[in-house]
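Listed next as structure tokens is one chain, alone, in the form predicted alone.
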């Protein structure tokens, strides 16, 4: 991929190799964990799997219309912390374009660690070099609960901003059952509150957003994520148009996903 002939398509090839690395790894992906599987009987053809991924990307690109291809250069990718001041260098820029739309699905308050689950990709793509680096990412992540992140949550009670005190209605019951899970849930919503505060600074007039989230049950306590998220948006001056419940998840009773639709 580093050869000059592959320069124009190296990003596509890197996606293919990364996907193949996960498919070929000696692991079981058991929700919500991954385990090693060194004693398997699978026949792994790495070249064939990579070629298959290349064909998928080729088919997707060929399916694009000339009009869609013509607009391909209008998009941009900004690498930043969504809970920190928005900008490439962590600061808000004077001439930064306003955000007109956000469609996203943040983590749910269900202790699922995306860092833990994506360790094969993170190491293979050289985004992390060791276990401690992955842990640092998880600590900074909304809802991060892997390794030392869990130990840190067990120390005392996380401070709650005064405006959020009346919003986290689950807290008294959950704190009585599990102080650790209470801290985890508090951190989750405090992080989302920080994100919404930063979004408020860059939201354009007429802004529209859709946040897909799911409810949770921690230590037997129900957490209605969508309702709390809607109230956080209202605290920051956003309007909530509707909350759309669109599917049950995981085949489990009373667990569902919905979209919180907001406007600026």
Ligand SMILES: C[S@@+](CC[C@H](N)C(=O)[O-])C[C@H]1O[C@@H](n2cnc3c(N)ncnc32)[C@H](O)[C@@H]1O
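Residue numbers count along the first chain shown, from 1. As the structure is a prediction and not an experimental result, all values here were calculated from the model.
Missing here is the form predicted in complex with this ligand; even so, the following discussion is about that form.
This chain is displayed alone, yet in the model of the complex one of 147, 85, 120, 106 has a heavy atom within 4.5 Å of this ligand; that residue is 106. A heavy atom within 4.5 Å of this ligand in the model of the complex is found for one listed residue only; from 127, 140, 159, 154, this is 140.
Just one listed stretch, out of 176 to 184, 106 to 114, 127 to 135, 161 to 169, contacts this ligand in the model of the complex at the 4.5 Å heavy atom level, and that stretch is 106 to 114.
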